[in-house]
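This document opens with one chain alone, in structure tokens, the form predicted alone.
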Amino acid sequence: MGLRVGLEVHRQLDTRHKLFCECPTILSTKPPTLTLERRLRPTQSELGQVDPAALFEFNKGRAINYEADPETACLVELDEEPPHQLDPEAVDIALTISLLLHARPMDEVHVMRKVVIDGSNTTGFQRTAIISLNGKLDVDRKEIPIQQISLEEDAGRKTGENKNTVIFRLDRLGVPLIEIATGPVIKDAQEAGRVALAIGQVLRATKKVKRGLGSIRQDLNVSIEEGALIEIKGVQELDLVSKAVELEVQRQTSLLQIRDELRSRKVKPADLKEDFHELTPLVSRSESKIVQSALKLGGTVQGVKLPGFGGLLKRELMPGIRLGTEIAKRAAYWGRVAGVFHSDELPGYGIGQAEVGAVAKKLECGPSDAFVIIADYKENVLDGLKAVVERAREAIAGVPEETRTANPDGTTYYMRPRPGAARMYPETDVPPVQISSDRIRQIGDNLPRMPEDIAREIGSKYEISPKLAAQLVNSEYLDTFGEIAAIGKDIAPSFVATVLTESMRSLARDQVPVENLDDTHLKEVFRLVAEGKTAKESVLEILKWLATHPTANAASAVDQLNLGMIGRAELKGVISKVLESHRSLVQANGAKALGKMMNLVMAEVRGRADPKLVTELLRTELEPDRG
């Protein structure tokens, strides 16, 4: 299919200070002490061009509210003070990563401004600097070119939005972010996942990257033969990389099939006209809540015919996403409308067959035609219908180039047009940084070990399988594992490693918010096991509870869940009760009933007793003459 994929991996660096000031790189834990509102506008480049992505964001017409506190933001984040020099710790980490990826560091690092006016940066641009070029990474005996490694400031943290306003917290703004861009040489979805994993391994080897939700984001550049270059932003889960590629291939393939169908129907772009018709009298008595709400606010209902599109708007592109969905998203962004109605989904949504027939007649639709209706303020309706016509024309051409946002299930939705070349220009407030050969030599002499070496050492030191050791190295919990393993010899390292890898992934698949669990939570839980205050069988239940109560501690979880270990006397009582309930089985089998009784007792105590002690007490009861 001619699939080509390039990856851009972004990872927050775990530095003491932000990239251009001395603020710490932590998220706020306190309410904001300052709130301000701004509106950002696009400007022309030095060549007189306006970036299309910036213009798109401006056309949304939304105000931006910024929230800040003195613990995590200063005048630099508020754009009231020039940025300071590049943080040297962040530069050293970026150079370390560059050498690990065999990239050539720049002799002099220059900071650039990249236009970004979605509100995520108070300045209207993001500062970025190329650190190195032309690296490489071996993945499954294939050389993956690393085109560029950059250092940039992270964006503000979005905390809320509505139709008219978006809210950002400035605690994350300015946190150092490494960006690693591969060449477009990845040929299948699974390979994309393996490359992302390999880059993640290199980053974790430095022990200088942050972890947790929001600390890593992967952007994908995907194209197929006869398709288009699509940028997918914000794939946060490593497991979703392959799926996002697969679904984008499916989407583009479906769009090409729709293109071919439209061409077979002899539909041409010129057939699609901005010929909008007033439909309010035809649908004013419908039961549609959207229509009635728009009319009560003084709005209007208008529609447009899409010649030759009959039956195609309901064509599925990927799970839950149809061509009609794509058109609706485009109208929503450009027209600021809640959505659209189209003929392939009507009658429905309170619009009956009579209204559908009247609209089709008004728009002069034939059997092979479709139509789209929008109800909102007139200005929004007209802008939305123009976007509908434009997107329909693009369907005739095939796959439009655009930037899309990833959903948690790997599907994507329209975000904005792809940016142009006019969005970058020099940053004049930050002086260049000279990279001396001595600095490179010193960093090169102290490079961290690579993951495969660490996995071999861990497997040997803690006597765990190579597979489990590799999973541990590839996880976010390698350092945590070492600290927990040092708590006490009563905790098997293989059990700890299994919980931190396979069990944590299983909890995440079950929608447990494991990102809320920090190192303190994990160490507390295993410490309670080592001290005999709870059983290892209770660990997962405790972690589940803590994930939804992140401000609590492990001891509280044990109390709330009643998972504290029961005493010897109480355990004897439980055993006596179980044996009495199954007296005939015990009398018939004697000591041979040990296994069955063991299972029954452990089910009764629900992990609150040491299995060794249970076995000891059961043997005493079943084998009174033993010893």
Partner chain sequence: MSKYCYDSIRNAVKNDVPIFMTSQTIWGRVDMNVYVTGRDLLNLGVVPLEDMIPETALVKLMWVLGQTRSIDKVHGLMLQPIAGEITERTAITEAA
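Being a predicted model, the structure only gives us computed values, none of them experimental. Positions refer to the first chain, counted from 1.
Unshown form predicted in complex with its partner chain; subsequent notes refer to it.
Listed stretches are 400-408, 114-122, 74-82, 337-345; the contact stretch with its partner chain in the predicted bound form is 74-82, by a heavy atom cutoff of 4.5 Å. None of Leu618, Ala609, Val9, Cys23 but one reaches within 4.5 angstroms of its partner chain in the predicted bound form through a heavy atom, and that residue is Cys23. Residue Asp429 is the only one of Glu278, Asp429, Asp239, Asp519 with a heavy atom lying within 4.5 Å of its partner chain in the predicted bound form.
With a 4.5 Å cutoff on heavy atoms, Gly595 does not count as touching its partner chain in the predicted bound form; it lies far away.
Put simply, Leu34 is close to its partner chain in the predicted bound form: some heavy atom of it is within 4.5 Å. Using a 4.5 angstroms limit between non-hydrogen atoms, Gly590 is distant from its partner chain in the predicted bound form. When its partner chain is considered in the predicted bound form, Pro70 lines it closely, a heavy atom lying within 4.5 Å.
Contacts of stretch 364-392 with its partner chain in the predicted bound form, defined by any heavy atom lying within 4.5 Å, are made by none of its residues.
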